[in-house]
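This document starts with one chain, in the form predicted on its own, laid out as structure tokens.
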Amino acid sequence: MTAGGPLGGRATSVAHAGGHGAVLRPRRGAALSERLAGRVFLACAVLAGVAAMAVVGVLAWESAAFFSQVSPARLLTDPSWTPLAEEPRFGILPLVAATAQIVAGAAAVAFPLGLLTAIYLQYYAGPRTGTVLTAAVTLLAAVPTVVYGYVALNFVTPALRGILPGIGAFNAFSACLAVGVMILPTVALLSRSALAAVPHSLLETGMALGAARARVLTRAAIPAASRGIAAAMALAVARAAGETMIVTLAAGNQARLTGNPLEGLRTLTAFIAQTSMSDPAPGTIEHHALATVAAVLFLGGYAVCALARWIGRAR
């Protein structure tokens, strides 16, 4: 092979091995750059793994110190969470219940609106309308969460007071609405991607049989994309559970076990944010409790993300 051949002679060289023909080998410079790139990628992967192990190790160490003073049964059964009181109580149920209430309320807002938005953008919107609305939905994802919290506290709650006079200044209702709007782009855009992966032949077959478009979508397209849609919803749930600024500003800081959305509450993330600002002394039970709450949040978020990956990979 000459320098003017198909491979150009610049990326490869020719060598004869034992008279059995020519063997193509990469240039020395190209081989060196490939080895260097591989080591850089390996270093990045190792760094990510070390960082993850460090986070898990710190949370495990601090949680072990906490459980040396507070039993797991007490943590899971005590209905009161007052770690800074003169007689502290460490029942995480109010924090977990508040987080679950925010997640459920946000899901009730984002799941139907996000799925319907995805269906409209994929199957009903024209090119220009689809472009404009997709940009608008994407813009919602770019809004900082502290802005959502500010809007919920200063605009949503006063508006709700005109309808529900008994609602508190800090309440779960406005926080659910704000978090629902925040995770709506996640549901809409990822669900649209799942719908776009449905083969057009499936839809065309249904239309050719005389079925209405809505019937084809509900009986064929959505079931075919159900795994991708479920994965999108699971990722949205994980993001809602980890939200901090909205619930801190809109839901307040009242750790109580209640199911009333008109009252204030304290989620896992709100406790972490607000307690961290008080700077508890290292080695104290308050500091260990902070790490334990973070560990519970980490495990919950990891479980939801693992569920989303499993749903996405399942066949």
Partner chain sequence: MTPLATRDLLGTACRLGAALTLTAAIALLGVLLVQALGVVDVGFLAGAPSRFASRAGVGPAIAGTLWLAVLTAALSFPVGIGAAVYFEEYAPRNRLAGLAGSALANMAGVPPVVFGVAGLALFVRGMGLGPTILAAGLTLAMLALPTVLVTSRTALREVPRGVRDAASALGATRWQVIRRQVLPAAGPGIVTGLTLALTRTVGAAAPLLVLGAPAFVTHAPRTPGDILTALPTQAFTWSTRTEADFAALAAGTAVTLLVLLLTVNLGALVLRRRLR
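Superpose the two forms; the largest set of C-alphas matching within 1.5 Å is the rigid core. Small disclaimer: the values here were computed from a predicted structure and weren't measured. Residue numbers count along the first chain shown, from 1.
The same protein has a further form, the form predicted together with the partner chain, not shown here; the description that follows concerns it.
Screening 108-116, 95-103, 160-168, 79-87 for residues having heavy atoms within 4.5 Å of the partner chain in the model of the complex returns a single hit, 108-116. Contact check for residue 233: no non-hydrogen atom falls within 4.5 Å of the partner chain in the model of the complex.
Among residues of the shown chain, residue 282 is one whose heavy atoms approach the partner chain to within 4.5 Å in the model of the complex. Contact check for residue 55: a heavy atom falls within 4.5 Å of the partner chain in the model of the complex. Remark: residue 196 does not count among the residues lining the partner chain in the model of the complex, judged by a heavy atom distance of 4.5 Å or less. Proximity of 60, 64 and 262 to the partner chain in the model of the complex is absent: no residue of the three has a non-hydrogen atom within 4.5 angstroms. Heavy atoms closer than or equal to 4.5 Å to the partner chain in the model of the complex belong, across 41-68, to the residues 41, 42, 44, 45, 47, 48, 49, 51, 52, 54, 55, 58, 59, 62, ordered by sequence position.
Once both forms are fitted on their core, a CA shift of 2 Å or more is seen for residue 37 between the shown form and the other one.
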